[in-house]
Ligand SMILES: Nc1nc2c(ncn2[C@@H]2O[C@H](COP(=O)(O)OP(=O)(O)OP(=O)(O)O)[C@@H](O)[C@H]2O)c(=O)[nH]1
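Just the one chain here, the form predicted on its own, laid out as structure tokens.
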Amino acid sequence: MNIPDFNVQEMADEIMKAVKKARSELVKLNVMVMGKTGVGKSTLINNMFSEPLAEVGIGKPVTDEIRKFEKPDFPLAIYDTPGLELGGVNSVEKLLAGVTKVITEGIATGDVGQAIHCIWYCVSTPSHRFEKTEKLFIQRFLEETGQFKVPVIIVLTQSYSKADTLALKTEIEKENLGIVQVVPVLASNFEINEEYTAKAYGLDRLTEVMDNVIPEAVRNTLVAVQKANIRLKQKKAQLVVASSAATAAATGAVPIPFSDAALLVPEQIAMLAGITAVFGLPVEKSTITAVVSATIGTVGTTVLGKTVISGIFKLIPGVGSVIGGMISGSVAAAITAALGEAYIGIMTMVAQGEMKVGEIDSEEGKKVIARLFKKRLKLKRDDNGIPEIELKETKSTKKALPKPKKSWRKNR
């Protein structure tokens, strides 16, 4: 069955609709952050996520002790607790009652988007100690909320010294508290003196630990809202590409003629939208148009039309001549996979600060995308069009476009 041909502008419109839908379907991720005053919670939050929720002003109070920070159209909420004290208004008993109330009420709604999905308990490494009050609080918390199985991660913040960090980590692990893990973090670069700066680390590991313990329903949300682990975004996006390539291979299992090439377009729309949602970057229609124009079509030309396909065949290893103008499953998969991999490459460059979103639509930006696409097409692939060598972290950027910063900025 034929479907209407898509030109680049129409395809971009459809992708933007799909992106909006994909983002609206992300379940809100709820993280509760606890710890004593001055442990660097705000720095941790703002360097972990793509929106600075710790700087949005006064959060919404959910109890006398706990405030909820969130932004419209951003699927993340941070529940911030006051600094734990030995007594007074922020005593163990008072704080324990508050956090237990929030967790219980969230679970009672039956809505996964209202539940607390993970807890960070922050301990400052320079303090050199994990106080008995903190140990008592975590023990009591796990006892009273154990049935809800909310994962608790102890985050060692401000971990400048490796020796101090290892000592404190070992001390806490000896307590056998039943937590998920102790994760040392230096959330931002720290200048020791004029000659030495301690480089930020640990946020990527914290993201991986969270991804392994939070509910399946919010894992895609975590990948989208976090900015600390680009590799995790790439891995999730590669799963989207592999799925789309397999579907394209099935579509071409009975070879389809050039005139029916538009049958592949819906799957490619879904793929590009899925990758966009994974990276969580603000993408405009002009960005999508540039990507499509520079890869499988030009404005006013039917996407995957005969002329475009004929040129693409020359870049795919082992295809040779095309009998009867037919597109096989492996060719359909190869084209789809190359498009997805090129898009991952460009999103990676943006996420790493090597290119701005607004620059993608320029002539130089389109050249970058085209080179990435052609590079991915030339990979040796299996019978389903999937690269036989697994994608590496920098394959779609550094190898496809050597020294992207220098080549990109050279003539600007």
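Keep in mind that this is a model prediction, so the values were computed, not measured. Sequential numbering from 1, following the sequence displayed.
Separately, the form predicted in complex with the named molecule exists; it is not shown, and the next lines address it.
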Taking heavy atoms and a 4.5 Å cut-off, does residue 74 contact the named molecule in the model of the complex? no
Give a yes/no on whether residue 39 approaches the named molecule to within 4.5 Å in the model of the complex, heavy atoms considered. yes
4.5 Å heavy atom contact, residue 125 to the named molecule in the model of the complex: no
Any chance residue 43 has a heavy atom within 4.5 Å of the named molecule in the model of the complex? yes
Exactly one listed stretch (333-341, 241-249, 185-193, 164-172) reaches within 4.5 angstroms of the named molecule in the model of the complex by non-hydrogen atoms, and it is 185-193
Of 293, 226, 287, 158, the one that lies within 4.5 Å of the named molecule in the model of the complex (heavy atoms): 158
